[in-house]
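Presented below, as C-alpha cells, is a lone chain in the form predicted on its own.
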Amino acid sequence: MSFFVRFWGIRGSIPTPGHLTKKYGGNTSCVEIRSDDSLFICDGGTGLRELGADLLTRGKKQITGHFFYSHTHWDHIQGFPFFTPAYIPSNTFHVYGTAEGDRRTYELLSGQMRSDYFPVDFGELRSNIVASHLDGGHREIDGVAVSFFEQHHPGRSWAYSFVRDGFKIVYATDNEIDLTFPRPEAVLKEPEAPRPIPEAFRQFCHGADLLIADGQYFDDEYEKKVGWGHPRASTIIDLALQSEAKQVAIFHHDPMHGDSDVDRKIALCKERAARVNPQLLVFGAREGLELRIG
C-alpha cells in the first residue's frame, strides 16, 4: 500500500501572495494525505480552498474526509469557510479532537463563521460535519493508525502520525522544540552543536518515511523570537537525524521569507544534515508538490 501526500499550503502566520513567493507558494498550512480512497487533511489554512476545488474535479459523488488540526490559530483554520465540499449535502467530514468530549476544534471552526467574523453561518454548511476523537491517543481509520503528540506552542498544538503497512508519515508543525531542551540557553550559544531532542518526541517521529515539520526561522532570527512557538529550521534537521527519518520537508515558511530566503534556509539545512547523514533527504515544502510514500 502507498500514501500520497500533496502540499496545498506551506506558509506560516499569514498568506503571502506575490512574485516573491511564486516558487514555494503563499497559502497557509494544508496538507492532503491519501491512502486508497481515504482522505486525511492536516490543517485547514488558506490552502484548503484549493484542495476543495480540486476534490470536486475527481468525479466522486460522495466525499468523506478526516480533518486533523495541529491547533486553531487563524493561519490553520481560515480556509475552512471556503472549503466548497463542506457545502454539499452528500459529503461527510470528521473533525478530530484528542479525546472523547474534546470538541474545541469543531466549535472554533463554527465560531469563526459567526456574523461578527464571516457573512456565511456555519449552519449553511450542508455536509455532515462530525465531531470525532482519537480515543485519547490512538485510532485506526480505514486501516491507517493515527496517533498524536502534544507539542510546545502557545495555546497548545499537536503532531500527528499516520502509519499503514509499515509506512509512516509525521505531520509536526507549530512546535518550538528549542524550548524543550534541558538547557535551551546553552544551545542558543552553540548553534553548531547537536540539539538534545526530547526522547518522547524522537520516538514519536522515529523511522518516519516522511517528516513534515515546522522550520520557520534561521538561527539568527530565532534569538529575537524565542517563545513565539516556532523552531529554527536547523533544529528540525537534528530531529530528523536523531529520529532516523528518511526524508524531511521543511514547512511553515516565515511570511517575511521570499523564495530566495527559503532556498538559502534549505541549503543550510542540507549542509547540516550531510555532516551526519548524507542519505537524509531534505527539501522545502512547496505548494503543488505531490509525493508517493511506499
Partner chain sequence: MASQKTKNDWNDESTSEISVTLLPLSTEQTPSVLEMVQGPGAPRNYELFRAEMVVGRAIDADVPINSTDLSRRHVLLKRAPSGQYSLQDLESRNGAYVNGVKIHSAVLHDGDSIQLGSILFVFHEGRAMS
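Because the structure is a prediction, the values reported are computed rather than measured. Numbering follows the first chain given and starts at 1.
Another form, the form predicted in complex with the partner chain, is not on view; read the next lines as being about it.
Undergrad: Flag Leu281 as yes or no: does it have a non-hydrogen atom within 4.5 angstroms of any non-hydrogen atom of the partner chain in the predicted bound form?
TA: Contact with the partner chain, yes.
Undergrad: Would Arg272 sit within 4.5 Å of the partner chain in the predicted bound form, counting heavy atoms only?
TA: Residue-level check for Arg272: no, no contact with the partner chain.
Undergrad: Can you name the residues of 10 to 45 that have a heavy atom within 4.5 Å of the partner chain in the predicted bound form?
TA: Going through 10 to 45 in order - heavy atoms within 4.5 Å of the partner chain in the predicted bound form - the hits are Lys22, Lys23.
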